[in-house]
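Presented as structure tokens, the chain that follows is alone, the form predicted alone.
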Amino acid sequence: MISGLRLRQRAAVFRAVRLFFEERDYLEADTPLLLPVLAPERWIEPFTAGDLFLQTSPELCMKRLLAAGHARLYQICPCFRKGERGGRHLPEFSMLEWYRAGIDYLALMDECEELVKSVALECSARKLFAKPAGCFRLDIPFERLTVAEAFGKYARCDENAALAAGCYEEVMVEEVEPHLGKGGRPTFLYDYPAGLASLARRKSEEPALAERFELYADGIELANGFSELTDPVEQRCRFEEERRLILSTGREPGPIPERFLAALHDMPEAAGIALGLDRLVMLMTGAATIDEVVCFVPEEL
């Protein structure tokens, strides 16, 4: 069970996050946790509840709100993913997601950096924290590395060779990630191969790359964001490919999210991001594991 100090620290971080978005005219959304359909993702296995799924992310609902005309949205909510348990993983965890119309992934990187620094500064003013800036130097910009640059600097092969050999995730986790976000300077890793685009749009001038980034601090993956793909035809093709890959693992993929695809016709150019709040609390407090910063872990229930 979480200690009294950690619970107060956690509440302070959540309060600082909400303050950041309120000051920037974002609306806080509250979308359903139980959904009839999810975005198919080969690396994520959802929990089922009868004929419904527990959300792995509020992404699809948040984008439908964007398409309905709400230009700045954020949400703090629980998300659920099977098989995720470790020092930095839980099957139920707290996610922060935000979406903004009229910007791309580069501008979203700027806003993400502003958020992290703002939360660190807000927490620094509270006696609850010994040194909340911790992994976040506030006097210099965060590092920015393309995926190609990071693989060239730290890995035994380039990213395309790793993808072709089926060992991209292994090389990323073992050889690249441990070097990212060190020395108090978080790292934005950006311009992912198009095969790892997820729901991101391709770069118009370099279609082999996707306008996607991830943020790392002290070797911990903290956030994943991108310029949003708004082409329903291309998105359908990606969903079908993900369903095929899920089938190849022996799992049964869920149906295509048709209402989301229909909403893409009305979705503006936008960028969106998901940030693990439990991990942010870990970094702000200096906790060694995620277990220290949540009220209960599964083994205590």
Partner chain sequence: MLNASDLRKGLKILLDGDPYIITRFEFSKPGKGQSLYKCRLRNMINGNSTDRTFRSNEKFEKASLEERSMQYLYSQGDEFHFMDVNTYEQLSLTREQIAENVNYLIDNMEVTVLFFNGSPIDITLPIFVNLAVTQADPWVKGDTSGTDTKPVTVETGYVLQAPPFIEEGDRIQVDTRTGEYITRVKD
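Positions refer to the first chain, counted from 1. As the structure is a computational prediction, the values presented were derived from the model and not from experiment.
Same protein, other form: the form predicted together with its partner chain, not shown, and the subject of what follows.
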| Among 80-88, 180-188, 150-158, 119-127, the region lying within 4.5 Å of its partner chain in the predicted complex by heavy atom distance | 80-88
| note | Answer key: of Ala164, Leu138, Val173, Ala208, within 4.5 Å of its partner chain in the predicted complex (heavy atoms) is Val173
| task | With heavy atoms only and a cut-off of 4.5 Å, decide whether Thr230 touches its partner chain in the predicted complex. | result | no
| task | Would you check, heavy atoms only and a 4.5 Å threshold, whether Ser94 touches its partner chain in the predicted complex? | result | no
| message | Please determine whether Glu221 contacts its partner chain in the predicted complex, using a 4.5 Å cut-off between heavy atoms. | response | yes
| query | Looking at the partner-bound form in the predicted complex, is Glu241 within 4.5 Å of its partner chain by any heavy atom? | reply | no
| note | Contact check, 28-50 vs its partner chain in the predicted complex, heavy atom within 4.5 Å, ordered by sequence, gives Glu41, Trp43, Ile44
